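We've got the same protein chain twice here, in two forms, each standing alone as structure tokens: structure 1 and structure 2.
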Structure 1
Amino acid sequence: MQVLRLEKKRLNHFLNVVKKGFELIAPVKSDLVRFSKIHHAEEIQLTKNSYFPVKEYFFRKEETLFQFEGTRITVPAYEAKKRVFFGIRRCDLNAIKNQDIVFIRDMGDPYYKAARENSYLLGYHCNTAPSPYCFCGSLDLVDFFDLMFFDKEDHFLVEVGSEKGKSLTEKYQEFFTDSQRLITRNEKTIPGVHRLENKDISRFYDHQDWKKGADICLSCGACTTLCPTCYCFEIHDEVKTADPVKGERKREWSSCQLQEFTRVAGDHIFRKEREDRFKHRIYHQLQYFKEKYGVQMCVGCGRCIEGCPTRIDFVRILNEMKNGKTENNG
């Protein structure tokens, strides 16, 4: 793919110009780093990855699916705000790709689709792993972006990844020059200390070490909320006080770590034990999703470890299973 060059000192200028035509979303540091609407390009910080994933802009925390009056249904207009996202890391871009598989390819979800179609994904490539917990190098991540910014001392190399990305570089062509080179495979690997040694976990289902994680699990759902790929939700109705026949059906983020999540009619709970729920999350990430869609769902961002109040390191737990160690060796 074509690779362009953007001088570093012109980045803010470029983004400020982009901001005039689009809503610009990028990581900002407040108490934590989070993706927010940008007012001045100077606010953007790129040293740490966002604590919260970017998924909330596509798969929203709460979405009104439709309004109803008795049995008559009105579907709300889908949001069509044109947005440019800047500073999404390779892991998070792959996470968007995985959510696309679920919401667009598999379910044809119009709410998600509308938000995705109106967005431009501008990535920022990590030169080194931004967190001690991330392990994206162990997973098979692919190129998925409209534009990818590679940080090189005084300039950025900007790889064009799609027609959408190309149209954007043409629109703002005064900022870019041709770099006369390509990005090597080596430049796309991200060195990090944390590694998931064992990706095929099918033979470990009955392993006793799962308990190590489950014992220090609060079932608070931080892992799934912070995960850029987790997409489970629950649906409920909200009726109007003036006329309870009218109301809205809403979709809300939920979590497989909750007992309530698998409660069904007749009050049966499928995954009552904490260990089953913990295991289910890891198996969904590393095995079930792959069986269904051909890729692993986990992208190795490490948020579920960093954001966990007790820092359950499922990567270490799995690695130790591989090495055959079963005792807790601190």
Structure 2
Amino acid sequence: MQVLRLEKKRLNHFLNVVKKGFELIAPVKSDLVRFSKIHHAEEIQLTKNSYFPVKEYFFRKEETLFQFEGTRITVPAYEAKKRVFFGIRRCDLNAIKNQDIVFIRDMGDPYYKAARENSYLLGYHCNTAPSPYCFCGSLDLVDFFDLMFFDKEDHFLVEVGSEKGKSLTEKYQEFFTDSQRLITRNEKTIPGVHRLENKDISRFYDHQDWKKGADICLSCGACTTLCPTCYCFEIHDEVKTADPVKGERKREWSSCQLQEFTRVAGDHIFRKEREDRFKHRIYHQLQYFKEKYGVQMCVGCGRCIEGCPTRIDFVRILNEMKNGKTENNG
């Protein structure tokens, strides 16, 4: 891949020029670090990963699918903004890749697809783990970006990862120079992010240690809300009693950790017990998704652990299972 050089003192100038032609989204510090629209490049914060993932710009928390009035259906016009996302970490870039599989390849979701097609993904590579809960090095992450920025003290090495990325560097070529080098494998290795000792959990389903997490789980859904890859949603119609033939159909985020998520007609709940819901999320992240698509859904960002009210570290729980015995094996 082509590698360019950008002097660090010119980064803010570069981004301020970019936002004249695009909506610029990057991590900023307010109450917490989150991705927000940037008005001045000086607002951008790169010392810590965003507490909230970037997925809400593609898979929205709430989306109106259509309005209806009697038998007449109207699909709202949707115009995706041209956006440049800067400061996305390797874990979150892989999360976008995994959601692309679901929303573009499988579902053909027009809203998600339009938002993705009009976006440029500019990554920021971690030199050190931004959180003690990171375990991205334990998973099969790949290079997935338009541009990736590697911090080299007084300058950035910028790896071009796509034709979209190349077109962006050509558009703003006055900021870049050829580096005459490649990024080494060692430079893409992040120390301290290999916490998960065994990602094959197929034999642990009946292990008694799941109770270590399930017994203190609140079923609040914080883990799935903060997860950059979770894509559970529900669809419902909203109408007003004053005019019940008129309303709109909406899609909203949901969570497999909520008991009502698997409630069906007749009031049957498929995963009524908290332990079943707790296990389901982790098995979906590490096993079920891989069985279907060939890659783990989880990207090892650690947000679900850091944002958990009772700080359930499922990585530690799985590591202890690895060193113990399952109930099935006695």
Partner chain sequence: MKTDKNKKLKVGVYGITGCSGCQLSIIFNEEEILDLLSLIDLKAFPFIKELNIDEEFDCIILEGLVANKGDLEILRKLRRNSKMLVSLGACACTGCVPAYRHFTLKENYEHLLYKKQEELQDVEPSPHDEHVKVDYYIPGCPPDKKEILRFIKGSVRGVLPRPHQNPVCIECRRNGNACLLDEGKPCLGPITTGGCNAVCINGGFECWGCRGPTKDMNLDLMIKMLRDRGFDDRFIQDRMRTFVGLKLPMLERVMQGPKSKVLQTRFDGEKKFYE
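All of these numbers come straight from a predicted model, not from anything done at the bench. Structure 1 provides the reference sequence; residues are numbered from 1 along it. Rigid core here is just the name for the largest C-alpha set that superposes within 1.5 Å across the two forms.
Looking at both forms of the chain, which one is the form predicted together with its partner chain? Looking at both, the form predicted together with its partner chain is number 1.
When the two forms are laid on each other by their rigid core, does Gly70 show a Cα shift of 2 Å or more between structure 1 and structure 2? True for Gly70: a C-alpha shift of 2 Å or more.
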